[in-house]
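Okay, here we've got a single chain as structure tokens, the form predicted alone, with questions on binding and movement later.
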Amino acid sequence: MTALNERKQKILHAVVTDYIVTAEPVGSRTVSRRYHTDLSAATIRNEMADLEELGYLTQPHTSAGRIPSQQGYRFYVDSLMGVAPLAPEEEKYLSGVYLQLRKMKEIDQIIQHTAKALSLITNYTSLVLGPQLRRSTLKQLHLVPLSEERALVVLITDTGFIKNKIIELPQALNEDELSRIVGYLNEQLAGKSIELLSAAQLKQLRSELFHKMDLLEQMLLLLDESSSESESRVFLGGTSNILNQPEFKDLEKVKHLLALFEEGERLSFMLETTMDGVSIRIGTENRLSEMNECSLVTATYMLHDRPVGAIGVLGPTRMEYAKVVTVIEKISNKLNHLLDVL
């Protein structure tokens, strides 16, 4: 990416700022009038032509002003964007939301309300990836006999997952032996990350309990499945907000994006690949083609210092990036604190 001198940076900043607010192409006179620059309109026009040639601006029509390109937005986000503090009423709203959420003990409920808060305060569509099963730690295994031949294995994690499976019971085992096996597995596995349960650890457990192999094999199979399973738990908020943006007034243009909101697996994949602090993906930087005209701002949230999910805001590339980043950071911090005391 070509380096820009200070003058070009100021003009690019003015164009991006104005276009985010108005959704209208920005001309040289607008930059001169609204941003009180001491440059003439002719000089600004020449600089804007240079920025277009360098790939930072585009001109939708010959007679129109210019709008930021994807490259222009990227430079703005990386080098020009300032901090946008929330208004006092927005701060008050978020504090009130999380004061209420402290009364809730179900993580799914907290995540759903977080999605709603995100969309309300940004006026964009929010996406929250619920805690993933394989990123959870095992809290407890239970074995519930159903008959002499079958039992229900129940796996409970620290993130509130409950996964169960009916298994066949070896005839030779009595109730005390079953209880001892389950107790041993809980002793060995409680507090361990399901994702990080290695094949070597499971092999060692099989070796130690080889004489109970039939039962053990079925119970460990549930753990094997859980460690590789992808749970598509994505909570959405404000899905219709995308239709309020001028860029998406054409329903034909946005129908594929709306259809994507119904595809939990793909949304889950997209959010999982952004789980590394705060991330801003603009246009074609997004991994899904339906989002090529959108920007996605995400942040990871933690449970006991472990990343377990992500929150995100989806909008047009003409997004209020500075405000969205502030909101994302504040909400992820509040969510982290809330989950830590559950």
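Quick caveat: nothing in here was measured; it's all calculated off a predicted structure. In case it trips you up, residue 1 is the first one in the sequence shown, and so on.
This protein has a second form, the form predicted in complex with a further copy of the same chain, left out of what is shown; the following refers to that one.
Not one of 185, 287 and 312 places a heavy atom within 4.5 Å of a further copy of the same chain in the model of the complex. Out of the listed residues 255, 92, 180, 102, 255 is the one that sits within 4.5 Å of a further copy of the same chain in the model of the complex by at least one heavy atom. Contact with a further copy of the same chain in the model of the complex, defined as a heavy atom within 4.5 Å, holds for exactly one of 84, 190, 152, 87, namely 152. Under a 4.5 angstroms non-hydrogen atom cutoff, a further copy of the same chain in the model of the complex has residue 106 among its neighbouring residues. With a 4.5 Å cutoff on heavy atoms, residue 145 counts as touching a further copy of the same chain in the model of the complex.
Heavy atoms of residue 268 never reach within 4.5 Å of a further copy of the same chain in the model of the complex, leaving it off the interface. Contact check for residue 238: a heavy atom falls within 4.5 Å of a further copy of the same chain in the model of the complex.
Residues 239, 240, 243, 244, 248, 249, 251, 254, 255, 258, 259 are the members of 239-259 with a non-hydrogen atom no more than 4.5 angstroms from a further copy of the same chain in the model of the complex.
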